[in-house]
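Take a look at this one chain, the form predicted alone, written out in structure tokens.
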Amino acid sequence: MSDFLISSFTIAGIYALMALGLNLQAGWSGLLNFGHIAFAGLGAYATGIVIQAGGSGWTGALVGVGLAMALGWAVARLGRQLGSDYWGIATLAIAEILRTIATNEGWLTGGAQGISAIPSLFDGLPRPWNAVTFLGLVLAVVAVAALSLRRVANGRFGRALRLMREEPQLAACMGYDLKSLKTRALMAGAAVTALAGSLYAHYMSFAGPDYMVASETFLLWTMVMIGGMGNTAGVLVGVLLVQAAYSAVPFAKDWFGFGSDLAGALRLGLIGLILLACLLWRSEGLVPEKLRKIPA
């Protein structure tokens, strides 16, 4: 039971990092990114490739963060002439292109088999302390990321992002460079998400193309929307709620004795039901963003 809880909280922490990165882009900046999971995939693959080449895990994480930030910059530059809806579709296409490359370029990525035998960061420790230490590292990274992003949100950059999201024409009239704001938001969110991908590769000892399927991006969107877009605490609440629902399904499977196929369908249906309920009764999320209004 303790191993199950440690694993659930570790995965929840990694997803929390990815969701915080998405919240910076979509929640504060209003950028529809349907290919967000590509940043995590870059972090995971960079870690695996660097380790296979004889480098360290930390070097792999830095390479992954650098590649993800470069991709964020490129996406911002390529999509600067597109409307928000077309831009969202373009991000989905870019993520699919990267997944296709990862699946077919076996000499670099291992192809469909992926890269295995990625060492954990604390293999030298006995069980269960290796898992507990890894969980502590993930929670520490989540805490630092959440506090840093909250500080950014309350600063001048965060206010500029929200103004761009709510009134882009007014933001431009006030002298803000919207292209620069979008580029910096994408690069910062990509860096946080790539770090999560690197941690996921170490935790699963594997990096494969399944990490970059579109359903993973929409799972992150579900977490952010349920918790509350634009609110750091809300995002963390959304991640915990969705992860709790995921973790509860195996217990229901054993209790009621139904098959694995039905369990998978029940898991997706339960998440969809929670999302539908939030959209109907809490459209701004369980912990909505608090916007300060200037009195007229």
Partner chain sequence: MRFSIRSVLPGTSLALALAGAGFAAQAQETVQMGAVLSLTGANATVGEDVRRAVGLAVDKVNEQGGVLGKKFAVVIEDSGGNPTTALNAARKLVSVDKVPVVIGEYSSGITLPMAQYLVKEGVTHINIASTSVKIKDLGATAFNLIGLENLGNKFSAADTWALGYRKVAMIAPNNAYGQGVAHGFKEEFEKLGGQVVTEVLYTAGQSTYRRELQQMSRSNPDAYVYTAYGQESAVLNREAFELGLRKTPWYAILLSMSLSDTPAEIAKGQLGMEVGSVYGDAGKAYAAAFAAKYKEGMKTSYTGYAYDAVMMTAAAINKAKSTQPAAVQAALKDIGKGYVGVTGPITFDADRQRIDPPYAKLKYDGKVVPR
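By rigid core we mean the largest C-alpha set that fits within 1.5 Å across both forms. This structure is a prediction, so every number in the text was calculated from the model and none was measured. Positions refer to the first chain, counted from 1.
Unshown form predicted together with its partner chain; subsequent notes refer to it.
Would you mind picking the one in Gln169, Ser84, Gln113, Thr133 that has a heavy atom within 4.5 Å of its partner chain in the model of the complex? Checked against the cut-off, the match is Gln113.
With its partner chain left out of view, which of Ala252, Leu62, Ile51, Leu32 would have a heavy atom within 4.5 Å of it in the model of the complex? Filtering the options by heavy-atom distance leaves Ala252.
Quick check on Leu78: any heavy atom within 4.5 Å of its partner chain in the model of the complex? No.
Is Val237 part of the interface with its partner chain in the model of the complex - any heavy atom within 4.5 Å? Contact check for Val237: yes, within 4.5 Å of its partner chain in the model of the complex.
Ile271 versus its partner chain, in the model of the complex: is there a non-hydrogen atom within 4.5 Å? No - in the model of the complex, heavy atoms of Ile271 and its partner chain never come within 4.5 Å of each other.
Look up in the model of the complex whether Met174 has a non-hydrogen atom within 4.5 angstroms of its partner chain, and give yes or no. Met174: no contact with its partner chain in the model of the complex.
Pick from 68-76, 174-182, 146-154, 188-196: which stretch has non-hydrogen atoms within 4.5 Å of its partner chain in the model of the complex? Only one stretch passes the 4.5 Å heavy-atom test: 146-154.
Let me know which residues along 15-31 have a heavy atom within 4.5 Å of its partner chain in the model of the complex, or say none if there are none. Contacts from 15-31: just Tyr15.
Tell me whether Leu270 is among the residues that move between the shown form and the other one (Cα shift of 2 angstroms or more, core superposed). False for Leu270: its C-alpha shift is below 2 Å.
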